Structures are given as structure tokens and as C-alpha cells.
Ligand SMILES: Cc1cc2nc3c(=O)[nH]c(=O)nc-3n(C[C@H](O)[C@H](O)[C@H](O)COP(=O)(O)OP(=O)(O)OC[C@H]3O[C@@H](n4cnc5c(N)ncnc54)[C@H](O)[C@@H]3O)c2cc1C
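To begin, one chain is listed below as C-alpha cells, in the form predicted on its own.
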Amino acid sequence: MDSCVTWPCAALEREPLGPRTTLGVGGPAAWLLEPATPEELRAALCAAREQGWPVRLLGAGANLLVDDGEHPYVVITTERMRRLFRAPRDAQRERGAALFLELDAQADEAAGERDPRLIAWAGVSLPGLVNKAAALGLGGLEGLVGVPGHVGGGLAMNAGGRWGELWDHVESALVVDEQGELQELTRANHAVGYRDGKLGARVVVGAVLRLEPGSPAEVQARTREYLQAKRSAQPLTERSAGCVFQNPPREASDGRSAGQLLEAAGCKGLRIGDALVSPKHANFLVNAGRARSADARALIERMRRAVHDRFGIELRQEVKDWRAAPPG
């Protein structure tokens, strides 16, 4: 390992990943890079690729199971890219995301009071985005309340649930393509899928979100209502990787969700080591103490097998699994 390598942003060598994930599991990465601006993110990606390092992106560490071993690659975190502001008074659609994302810190003061758009860099937390939109009376994101993660990861996986998905509200997104160039994706010309932002190797820098103007009191009330419903059914306050499996096609499962299938297969409360299937929701994996990646992985396989044996349905894993080996 070459500790003399230089990077275009803050960098940490052999940094443990576990504390940076919502499950709290994971060994060290060879390098953890911490860009603070869109240009630093682009430069960090280019530098890692030019030096031949495999690269992985880390937001808030949700929806992720990280192996306990050493990871011989570069991890780029968006943790420091937290800028969130309103579209300026004179903003026009044709100016595009690239210009929006280069605005300085005075952009908030110049915000047009009636412009229903928010500009979010990749490291903006989804809880923070939901709360900011509600405080401004901008509706549409209430259904994302309680969803952990960052905007970048949320766009990559099209985060959401029964009350809507993040890409439903994207006007345009700015990404770094495989050649290291900035590319703008407009929602009108970009198809997304269920739990899939269809980005391939492209990395999100930020996005312009178009929301619905309304009353702050009404938007905040809906947000509280959705949060209460989620808290009653999901372990939101525990260390969790979130939903383990995607919901299967309705025609294959008679309309039952992955959680309903797992519960019917007797998975609630299953435990291997300190990896536990939540007694509150059978599709949530939680860390009940000092869970190890091998325990979590074995428990996920037991859950998968239980549903297959009972219903003949092969569940598709939603939690990303970072093995202690370079990405293929």
C-alpha cells in the first residue's frame, strides 16, 4: 500500500467503514476520500481511476452490508457535500443543473420565494432534505421521511416506498460519467426503474428537485403522519441495513410484499450471532450488538431460503453487499 499517494481532496488511509454505515458493520478501506465540492468529487474519481484503483461510493451507509475484512480499493464518501439551497430568482430551466450546482453560498439569500425547486448536492441527507422541503411548504417528498441515506445514493437506487420515489421529483441530475466528464440527465429523457436509478457507472454530483408549493403546516402534517405510520411498522431507531429484499412482482407473489412473505415464512426474530431479523418488520436486518458481516450474510441467506422453500419465490436482495475484494 502506497501511503505517499496524493489526492485532490481530504483523504484517510485504512479508515474503518463500519462506523460510517447504518448497520455498523465493516472493515477498513485502503483509502477513504472526502470531497467537499462537486469539482473535488469529479477530481477524486478521475485521480482514483487514473491510478488504477477500484472505486466505490459511500453516502450515509444505508442499504449496505460491508465485509469485516480489509477492502483493497478507494471509497469516496459524499459526507462533506451537504449544500442544499433554493433556485435563485432569475433561474431558468435551460441553465441546467451544472450552473445551479456551482452557485456560491449567497444563493439562499437570492432565492425566489415562489420557485418550487431545491438544489441538492450529493451529500445532502434525505432526512434533512425532507425536513427542509416541509419547512418551506414544498410538497412531494413527505413519503421519504424516515428513509436514511444521501441524495446521491437515493438517486442511484431510486429510493422510496409506497408514497413515492425520489426520481418522481427530479428535474435534472448532474453526474460524472465514465470518462470523468460532467453530464446532465433530465428526468424527461432518463428512464428509471424500481429501486434502480439506471445510472450504471455514472456518479451523482447533485440534482435539481421540482416540488409542489403549498402550506408549510400542511406539508409538515403529512410528513408527521407518514413518519408515525413508518415508526409503528419499521425499526427506524435501531442500527439497520433497511429492507433486505426487493418486493417481488405482484403476479408472482399474489400481491404480497417481501416483508409479508418473510413473516409468513417465520423469519421474524431469526438471529445468527448479533444479526437479527427485526421482530417489528420481517424484511429489516438489525445489528443487536456486535454483529459480524458473516452473521448478517448467513442470516440473509436463511431468510431467502425460507421464502423459497415455503412459496417457491426467489427474493432479490436489495441490500448491497461489499465483499473484501475489488469490485468486479
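Heads up: residue numbers just count along the shown sequence, starting at 1. Please read these numbers as outputs of a predicted model, since none were measured by experiment.
Beyond the structure shown, there is the form predicted together with this ligand, which is absent from this document and is the topic of what follows.
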TODO: Using heavy atoms only and a 4.5 Å cut-off, determine which of 30, 62, 270, 265 is in contact with this ligand in the predicted complex.
DONE: 62
Open item on the list: Can you work out which of 148, 248, 139, 116 has a heavy atom no more than 4.5 Å from this ligand in the predicted complex?
Closed with: 148
TODO: Using the partner position in the predicted complex, report whether residue 322 sits within 4.5 Å of this ligand, counting heavy atoms only.
DONE: yes
- [ ] Report whether the minimum heavy atom distance between residue 211 and this ligand in the predicted complex is within 4.5 Å.
- [x] no
Open item on the list: Please determine whether residue 284 contacts this ligand in the predicted complex, using a 4.5 Å cut-off between heavy atoms.
Closed with: yes
Open item on the list: Residue-level contact is defined here as any heavy atom of the residue lying within 4.5 Å of this ligand in the predicted complex; does residue 318 satisfy this criterion?
Closed with: yes
Task: Contact stretch among 252-260, 183-191, 155-163, 213-221 - heavy atom within 4.5 Å of this ligand in the predicted complex - done: 155-163
Task: Heavy atom within 4.5 Å of this ligand in the predicted complex - qualifying residues of 207-238 - done: 230, 234, 236
